[in-house]
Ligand SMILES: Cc1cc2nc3c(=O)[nH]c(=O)nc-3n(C[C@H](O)[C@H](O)[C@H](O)COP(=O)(O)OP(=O)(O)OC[C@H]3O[C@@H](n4cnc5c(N)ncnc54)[C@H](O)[C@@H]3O)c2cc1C
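Take a look at this single chain, the form predicted alone, given in structure tokens.
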């Protein structure tokens, strides 16, 4: 495994944006993820999508959802952890660079989409990143952060209404409930890709901890995804 050192930690109780620096030059494409663990070996490695990456630094967006995420949010400048990867197929393997895409993120599922938006701005038609806590705006700088419901709309309805009449292609990452709703409301001619998030132990398809049912049988999020056509996945 590789060693990473905290160089910036912008966190509050619910969320954290943490920047790590490492001695290894990194080449992490949007959609790929890292397996991270503490140096003491107390926990198994856990997957985290990368929000940004440049040379020797990478950034992750974390929600306080368990002991390890709480540990990460409390990391101080100079403290270290272990990581390996990147794993998973990059979004660029699946998407058509001659098309425009709308990005729909839910919570920390926004992280890989923000990475995609930064690396490939020319293919992004519009974006929305939904969160439940307004304080996220103090640590994530994006004009399309969506916190409160607007006119009774959720983030999915909001962004699709804002782009009504356009030739819509969608890339989404977030909770499964959002995918189910998205699959229910999009038209049959529209294209939507969903980046699945599952817990896993290895990141390479060995532990079988991240199965997803598809029309072609069971696949693994880590090695077959994380991006899938929404029409392929049985939600």
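Note that the structure is a prediction, hence the values are computed from the model and not measured. Residue numbers count along the first chain shown, from 1.
Omitted from view is the form predicted in complex with this ligand, to which the following refers.
At a distance of at most 4.5 angstroms from this ligand in the predicted bound form, none of the three residues 106, 136 and 140 contributes a non-hydrogen atom. Residues placing heavy atoms within 4.5 Å of this ligand in the predicted bound form fall in a single listed stretch, namely 45-53, out of 22-30, 45-53, 183-191, 162-170. This ligand in the predicted bound form is not approached by residue 38, whose heavy atoms all lie more than 4.5 angstroms from it. Mapping the unseen interface onto this chain, residue 177 falls outside it, with no heavy atom inside 4.5 Å of this ligand in the predicted bound form. Interface membership of residue 111, defined by any non-hydrogen atom within 4.5 Å of this ligand in the predicted bound form, is confirmed.
Residues are counted as partner-facing when one of their heavy atoms sits within 4.5 Å of this ligand in the predicted bound form; in 166-198 these are 196, 197, 198, in sequence order.
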